[in-house]
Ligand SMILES: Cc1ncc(COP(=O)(O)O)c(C=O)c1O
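Single chain ahead, written as structure tokens, the form predicted alone.
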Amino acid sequence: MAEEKKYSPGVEKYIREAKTFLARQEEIRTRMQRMKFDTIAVHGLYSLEEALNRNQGAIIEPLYLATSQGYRDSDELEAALAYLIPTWCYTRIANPTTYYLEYVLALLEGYKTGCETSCVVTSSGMAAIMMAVDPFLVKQKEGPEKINFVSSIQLYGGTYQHFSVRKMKERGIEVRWVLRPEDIEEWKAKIDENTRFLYVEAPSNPQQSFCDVKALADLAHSWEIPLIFDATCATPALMRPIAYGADIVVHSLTKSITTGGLAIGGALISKKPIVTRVKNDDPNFKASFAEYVKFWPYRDNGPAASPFNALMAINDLRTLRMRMDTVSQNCQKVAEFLEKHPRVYQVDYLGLPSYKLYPLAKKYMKLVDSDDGSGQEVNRYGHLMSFRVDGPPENARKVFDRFRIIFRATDLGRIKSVATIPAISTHQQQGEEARRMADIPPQLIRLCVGAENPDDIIEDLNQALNSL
């Protein structure tokens, strides 16, 4: 918000109106916080009152495709552009439809965490990552400053490329890679007084790495730096890292949240406040980081989400918990089949008791608002897995090319099952050495299991593997 100063009576009138509106919105938000996860996902902050009073009774959030907002007079224009009243003014800065998505994501990521949260929605997951990390990578003093951050190397290929090329090669910011994110001692060894944040993706794409979320957050906070967490594959239905101390959560909304495959988007959700020793004159930088990003870097850099894409995400989000339950169970069944197949030498899936990180994932990956009969939430491990085909890399390609139902594409999180070979697709630019460090051999096929009957997916995999 702008610094306090004297405004004309007309501007003051709009400020008073805004305070009344915001108080009512806070009442609705407080009311929704008492609801269950599914109810929040279905309704968000789009209330009956708003539908009747502002949107002609539409029971579904309206799509606002207009590029800009008109104002009643110069006083309202001044108040809006000084951030004194709620406004969307221009869709590059904000939009009513994207606001609806931001509100519901903030509530879902903060669900049962005991933390207040804020959210900004972006044009893609990569845009969300850029907006999450860049504000911490500014120089804090004159002259050379050896800025670094510490990240797991087991990341989506685009994230690795962004960190290694855009940050390290082009800007000279050192990235210190952690090869085993479950090993807290390795993280400890990489941090120093110039470290700006810790970054992790869990479960990772494609090799299913994981970490001790609470221990990692505690470590970050002991150095007064934030933990930034990519929870795309888990979604808030299976894990909410903020509950364990993470400061900022990013998502590619394109994936599990917008499962229909009709839209691209990203999201940054932050708890209030975050931990950081980076100095910034804006009080929201620490108090409500996502709002700070939306007011300033987001406005100036322009990674705005399309309102149409936001609406697609809102509609898919309504059934998130139920979908993640279904696809997780499907993936579990497929992984158990592949684990026993003679043509597969390794299956990477957090839900397999034989998998090295199963005990750690079991601690954190749970279906929200479920009950195993004893009052405990049921473990679910998501829809993403990978398997490694026995023999030379050509065997993996032969199996991949034989799929009849499973789509061959770089996408994931779809309602339909999709597979790729990361070494020749999503992680191709990473290079052979970096893929070796990240444990992505050419024999690895990444499989994202959809909502089909899992028996049909198993049959498809079986015929492809038996062709060898």
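None of the values given here were measured: they were computed from a predicted structure. Numbers for residues come from their place in the sequence shown, where the first is 1.
Missing here is the form predicted in complex with the ligand; even so, the following discussion is about that form.
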Task: Triple contact flag 126, 156 and 252 to the ligand in the model of the complex, non-hydrogen atom at 4.5 angstroms - done: yes
Task: Residue contact check: residue 412 to the ligand in the model of the complex, 4.5 Å heavy atom - done: yes
- [ ] Verify the contact flag for residue 181: yes if a non-hydrogen atom of it lies within 4.5 Å of a non-hydrogen atom of the ligand in the model of the complex, no if not.
- [x] no
TODO: Give a yes or no for residue 98: in the model of the complex, does one of its heavy atoms lie within 4.5 Å of a heavy atom belonging to the ligand?
DONE: no
- [ ] State yes or no: in the model of the complex, is some non-hydrogen atom of residue 208 no more than 4.5 angstroms from a non-hydrogen atom of the ligand?
- [x] no
TODO: Given that the partner is absent here, state which listed stretch (224 to 232, 334 to 342, 362 to 370, 388 to 396) has heavy atoms within 4.5 Å of the ligand in the model of the complex.
DONE: 224 to 232
Open item on the list: If the cut-off is 4.5 angstroms on heavy atoms, which of these, 247, 201, 109, 102, is the one near the ligand in the model of the complex?
Closed with: 201
